[in-house]
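Shown here is one chain on its own, the form predicted alone, set out as structure tokens.
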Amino acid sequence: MSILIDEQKRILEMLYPSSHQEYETVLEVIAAFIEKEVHPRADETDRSAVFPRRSVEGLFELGFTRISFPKKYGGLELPSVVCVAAMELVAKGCASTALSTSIHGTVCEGLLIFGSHEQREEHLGKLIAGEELASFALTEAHSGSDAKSMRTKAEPKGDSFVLNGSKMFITNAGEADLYFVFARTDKGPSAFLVPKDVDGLKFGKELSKIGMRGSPLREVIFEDCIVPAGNLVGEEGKGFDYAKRMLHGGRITVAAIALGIAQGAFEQSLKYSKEREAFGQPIAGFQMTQMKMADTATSINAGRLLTSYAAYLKDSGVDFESAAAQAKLFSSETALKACDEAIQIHGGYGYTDGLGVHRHWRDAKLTTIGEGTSEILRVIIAKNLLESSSS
């Protein structure tokens, strides 16, 4: 973790000159845990496609989810830049673990921003402490990027809402204790908290994936699923606005995950290039290998700065939609390129299971799709540019 930690420390020292040492200590503790407990299980998690419960629970016990949340709910109230740096460390160790914890964090943030006092008092402390696992249920089989076309409905019935419909590609589905669900009412898209043990909530079979195989992905089905009216999050009809705000923050987190994956592949390639010999010398001595390494390191560092900048803007209370989209777009595509180069540097061994380097490429691909595809992010960035230039 030393290369990554050193790069993160430089950013923290630049942004927080008076308190960076405290933040660095938090990262060092997390890095040590990941090196000892999370990374050694990553290959087996990928092969078995089993939810890495020990790793997730271990991070919760360490206080990973507490980092950026208010102290009144049990958080540490540290900057979001520290949080994304920590997420990058987790992703470098195991991307499946990182994805499941990132979705959990997205729900925590949504509940903090949009939840009622009663909802926060009932759930937020437990979620931040890791006593409950959360899931974010927005996507449907017929509405991915076009979230306004959702078909899941929530109809009022007395002092309750009855949900019918289904969600597709839902991370942590079946494992989570609480679901942040979006459904259409007469007033428009709305958000609801749905506990796992409620009647009418069902799950499809776990979907087989090419990457992040340990992070469960299932269909979530609602059949006359009744939730109290008090489980409505915020205002009825405002759900789409809430989802967008949560996705903005989630994109920063996914950018950090992408960078962690890229860093893992990069460091593995750097080590291999010094050990693998061809034509009487280590392949690290060949200029073409050096060019690949130089380009990869430069892109990862650029992505890290974009991601830290987006997180910094988020904490500053200014509009960070475009910055988050840029960070996620650049970092996810950087990860895919970095992992492709890693396979190339490893040659035939990179294509086989022996060294496991292709796991990084398979994990990286999802970061260009989830929380907004690269294509949608380019639309968002362009929209922001056009709007700002006309004002």
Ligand SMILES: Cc1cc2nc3c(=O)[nH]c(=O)nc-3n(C[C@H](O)[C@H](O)[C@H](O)COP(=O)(O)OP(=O)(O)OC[C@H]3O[C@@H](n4cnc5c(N)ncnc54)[C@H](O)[C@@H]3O)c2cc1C
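Since the structure is predicted, the reported quantities are computational estimates derived from the model, not experimental observations. Don't overthink the numbering: it's just position in the shown sequence, from 1.
Although it is not shown, the form predicted in complex with the named molecule is what the next lines describe.
For this session: State yes or no: in the model of the complex, is some non-hydrogen atom of Gln263 no more than 4.5 angstroms from a non-hydrogen atom of the named molecule?
Result: No - in the model of the complex, heavy atoms of Gln263 and the named molecule never come within 4.5 Å of each other.
Problem set entry | 4.5 Å heavy atom contact, Leu270 and the named molecule in the model of the complex | Result no; Leu270 lies far from the named molecule in the model of the complex.
Exercise. Phe136 near the named molecule in the model of the complex, any heavy atom under 4.5 Å?
Worked result: Yes - in the model of the complex, heavy atoms of Phe136 and the named molecule come within 4.5 Å of each other.
Exercise. For Tyr242, is any heavy atom within 4.5 Å of the named molecule in the model of the complex, or not?
Worked result: Although the named molecule is absent here, Tyr242 would stay clear of it in the model of the complex, with no heavy atoms inside 4.5 Å.
For this session: Have a look at Phe114, Phe169, Tyr312, Tyr73 for me and say which one sits with a heavy atom within 4.5 Å of the named molecule in the model of the complex.
Result: The option sitting close enough to the partner is Phe169.
For this session: Tell me, out of Val233, Ala284, Leu78, Leu217, which residue has a non-hydrogen atom within 4.5 angstroms of the named molecule in the model of the complex.
Result: Here the answer is residue option Leu217.
Problem set entry | Contact stretch among 169 to 177, 274 to 282, 154 to 162, 118 to 126 - heavy atom within 4.5 Å of the named molecule in the model of the complex | After filtering at 4.5 Å, what remains is 169 to 177.
Problem set entry | Within 4.5 Å of the named molecule in the model of the complex: residues from 337 to 375 (heavy atom criterion) | Going through 337 to 375 in order - heavy atoms within 4.5 Å of the named molecule in the model of the complex - the hits are Leu366, Ile369, Gly370, Glu371, Gly372, Thr373, Glu375.
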